[in-house]
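Take a look at this one chain, the form predicted on its own, written out in structure tokens.
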């Protein structure tokens, strides 16, 4: 957390700064745990000041700001990780403001903040080659909003890993995290413990279809605010995707489809939630067919 829908919502929340010039980049002093910044803050700030923000992009779970001046282009790559947020208003706490982008010129928006309570996020300033090395095709697989069954099968079809664990591999598909992997597999009707190599081509197509649909729905609902609701939109509103969760965080709560209590297990040191009745292992899942699990309302 944040995963693709939350980071995509952050990116969209920055639409108002595209075309604006950076007056200054500030890294406020704080006693809390510092985050990883490269190059050092003073150097980074000096290289960014005066540049125009030509675009706000996303690479997997990273926000990427395109910064240009006189034909030269750099990329400010921010990975929010557990608790990072981009905000256009007041932060939840001033001590955890990690970066402030001051904008030049007139406009309703004077600055943008990157806030991170746990200090696990990263900020990198990269050139074109550095961007490709950090989050190009050798590092990230196809984006979750566009991935196909053939791509998933090619990347994971021979793996002995459980499918839930494998879907978290950013080299196979970019943007899926623990929350949405559970929701995708529920809506696909596939047991998260199923080994990837046991999934036939039609099941990979089903997983890809549900991946695109679940993530698109969560983007439309502006992400999931769970637990203490640390995640907020750029204008400080909670997401609404958590209201549509079928299994994540619902241990022992009756499945919304069949009434069986949702189970929680641990896979690769992460919690996995699933319905033992609706989600079945490979051969049974294949027999049930796509129609049984057309769960997107």
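Numbering follows the first chain given and starts at 1. As the structure is a prediction and not an experimental result, all values here were calculated from the model.
Keep in mind that the form predicted together with the DNA is missing from the display, and what follows is about it.
(message) Whether residue 250 contacts the DNA in the model of the complex should be assessed with a 4.5 Å heavy atom distance threshold; does it?
(response) The answer is no: residue 250 has no heavy atom within 4.5 Å of the DNA.
(request) Could you confirm whether residue 106 comes within 4.5 Å of the DNA in the model of the complex, counting heavy atoms only? (result) Although the DNA is absent here, residue 106 would stay clear of it in the model of the complex, with no heavy atoms inside 4.5 Å.
(request) Report yes if any heavy atom of residue 113 sits within 4.5 Å of a heavy atom of the DNA in the model of the complex; otherwise report no. (result) No - in the model of the complex, heavy atoms of residue 113 and the DNA never come within 4.5 Å of each other.
(request) Answer with yes or no whether residue 179 is in contact with the DNA in the model of the complex, where contact means some heavy atom within 4.5 Å. (result) Yes, residue 179 sits close enough to the DNA in the model of the complex that at least one of its heavy atoms falls within 4.5 Å.
(request) Let me know the one among 153, 100, 81, 212 whose heavy atoms come within 4.5 Å of the DNA in the model of the complex, would you? (result) None of the others qualify; the residue that does is 81.
(request) Answer with one of 220, 118, 73, 198: the residue that has a non-hydrogen atom within 4.5 Å of the DNA in the model of the complex. (result) Looking at the other structure, the residue within range turns out to be 118.
(request) Can you check 40-48, 253-261, 65-73, 266-274 and let me know which stretch has heavy atoms within 4.5 Å of the DNA in the model of the complex? (result) Among the candidates, contact is made by 266-274.
(request) Would you mind checking 6-33 for residues with a heavy atom within 4.5 Å of the DNA in the model of the complex? (result) Contacting residues: 31, 32, 33.
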